[in-house]
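Below you'll find only one chain, the form predicted on its own, shown as structure tokens.
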């Protein structure tokens, strides 16, 4: 048995904290500090410290399960794989390729996400593939592409945050969602910088702020526009920067001027003096940042909302400059990499567009298929789930639990139950897996090697530390075996490094260019920031010497830099290999310092205007519901709810409400309260606090059953990102009497 420590990374959030894993003689795995990784410098939250608990055989799945007479029973791997292949084959024969759907997860490694997208398009021929990362930061991604020509969660490393002058944190509770990252904000204040937190609740993060703004949920767009109005009115626009590095200012300016402070105060509940103080704190230092998270993004106008915050950065010269910029705090462990390499409905590897003929040619050549054989873009995540049992009759699902995590969850549960066939690959028997016809037990983070990309765009190598138990196989083995059973014998290897080498070739010349990254570099350099193009002895592959990627510091003049307009590299591009990649290329920690990733190198102002949420309160549903996370649980809770220490800290759902609201309801602390929306009903104990707005209630979304918060949430979709409106819907409260 291996007894030495293996340096690797946490399986949970997008910080991807470094840790050491050491197998113990009793079969458990010990976690220890890994101080060399700059993101967490050894610090771990409770979820990270207890992550090995889910590796225990009494917690996780260790045998395939098949449904017999209504019950899931153990089966052999051959029987389970044969059933899946037959179910998918039968559906394709009866309903065509798009009768089969594929749903992935933001926790899959880059190699798995890449292979899953390839499997859907090459083996199944279906366009119906998306993943739960659509629910994470798709609105920020869409806004970033519109404004900058490129989407990477943070265009700078986390280490820059303490060195800036002011941070506006919008809709993020880092103290509970990413606890090790809170030190960057603490260091910011120690260095003399200021912190502004925007959240309808006075969270543990808001307690650290120099200024806390508590807008009404769903009004972040108006708030950002009101701040930009004041920037203009007070003469704080960086006119030289706007003229030299942007386009579209006049239209954005006109839109902002329609949102005068008193009007914004009425919409948001944030007072005019608070608005003015925010502008002063943000504009007076030489540098400043805006960081958004799910609060402003999970709205039916999330793309416009993030765009308004980007406009504020551009107007004040706070983008593409040292220690300044807009960034999105990605949530899921590989939420960034997961959408870059092909499991998103409209994308091919390298963050290429699926409807771009040049991109299709390039990737098809790497895959050895005809470009015309690749399907077009499919449905977004919620739309795909909503189509289950009607247009989409069978589903292959990996690393996701939509029965708990999807909006309008009771409806989605019924759609899943209506499928002709459902196959799930997971490490535990989640609420969704419990509905499947076949469940496959797959390896976990500590039992396999693969890469992830954290919220900074830093590509990392998770290394296998222990041997998986008997009866468990990797997702890559599953896709290899299914491809063979469905008639594709080659092209689906099981070795992650071999897949990564192919991913490098597929991504070469794309917006998310990994072609200069190798496993060896990831070990030696503790991660590499993309874009990192391959370098050949005579110059860069597909770019000029010295290029650092699209719109990057040392940007690539030899390559157009728009994610929408850039012609992808073709099959004539030399393949990147471990031999030709030059490890001297540094990667790109900081984007946009020379130019933005647009054809002319300028950022785009996108004019936006305030509009209401999709479902405003009324007489029948007079209160707003917002949802979020707690520190001891993660996402749908499928794994963390199986850890005793975490359950002791956060044993179940609750309804957080203001004392005035509780008094009107006649509810005391701990009393069961029913929260009712037009879509469903949830019941949980009352948690009464004056840290939330009187017109708002909060529920965490980690639990199934009667306390399932997503029974209530609204699937109204952003027209650009297709993000559902998790963060605001109209509800009423009812006292639950014994």
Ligand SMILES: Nc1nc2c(c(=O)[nH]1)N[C@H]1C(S)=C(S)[C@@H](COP(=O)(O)OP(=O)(O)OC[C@H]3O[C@@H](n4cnc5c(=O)[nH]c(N)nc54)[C@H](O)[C@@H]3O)O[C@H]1N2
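All values reported here derive from a predicted model rather than from experimental measurement. Numbering follows the first chain given and starts at 1.
As for the form predicted in complex with the named molecule, it is not shown, yet the points below apply to it.
Colleague: Answer with one of 115, 400, 598, 303: the residue that has a non-hydrogen atom within 4.5 Å of the named molecule in the model of the complex.
Modeller: Of the candidates 115, 400, 598, 303, 400 is the one lying within 4.5 Å of the named molecule in the model of the complex.
Colleague: Between the options 311, 299, 515, 336, which residue brings a heavy atom to within 4.5 Å of the named molecule in the model of the complex?
Modeller: Comparing distances to the named molecule in the model of the complex, the residue within 4.5 Å is 299.
Colleague: So, residue 428 and the named molecule: in the model of the complex, are they within 4.5 Å at any heavy atom pair?
Modeller: Heavy-atom contact with the named molecule at 4.5 Å: present for residue 428.
Colleague: Would residue 151 count as touching the named molecule in the model of the complex under a 4.5 Å heavy atom rule?
Modeller: Because no heavy atom of residue 151 falls inside 4.5 Å of the named molecule in the model of the complex, the answer is no.
Colleague: Just checking whether residue 631 would be counted as a contact of the named molecule in the model of the complex - the rule being heavy atoms within 4.5 angstroms.
Modeller: Residue 631: contacts the named molecule in the model of the complex.
Colleague: Determine whether any heavy atom of residue 502 comes within 4.5 Å of a heavy atom of the named molecule in the model of the complex, and answer yes or no.
Modeller: Because no heavy atom of residue 502 falls inside 4.5 Å of the named molecule in the model of the complex, the answer is no.
Colleague: What I'd like checked is whether 110, 452 and 510 together line the named molecule in the model of the complex, meaning each has a non-hydrogen atom within 4.5 Å of it.
Modeller: The answer is no: none of the three residues contacts the partner (heavy atom, 4.5 Å cut-off).
Colleague: Given the stretches 519-527, 257-265, 483-491, 132-140, which is the single one in contact with the named molecule in the model of the complex, using a heavy atom cutoff of 4.5 Å?
Modeller: It is 132-140 that comes within 4.5 Å of the partner.
Colleague: Mind listing which residues of 151-185 have a heavy atom within 4.5 Å of the named molecule in the model of the complex?
Modeller: Contacting residues: 170, 171, 172, 173, 174, 176, 177, 178.
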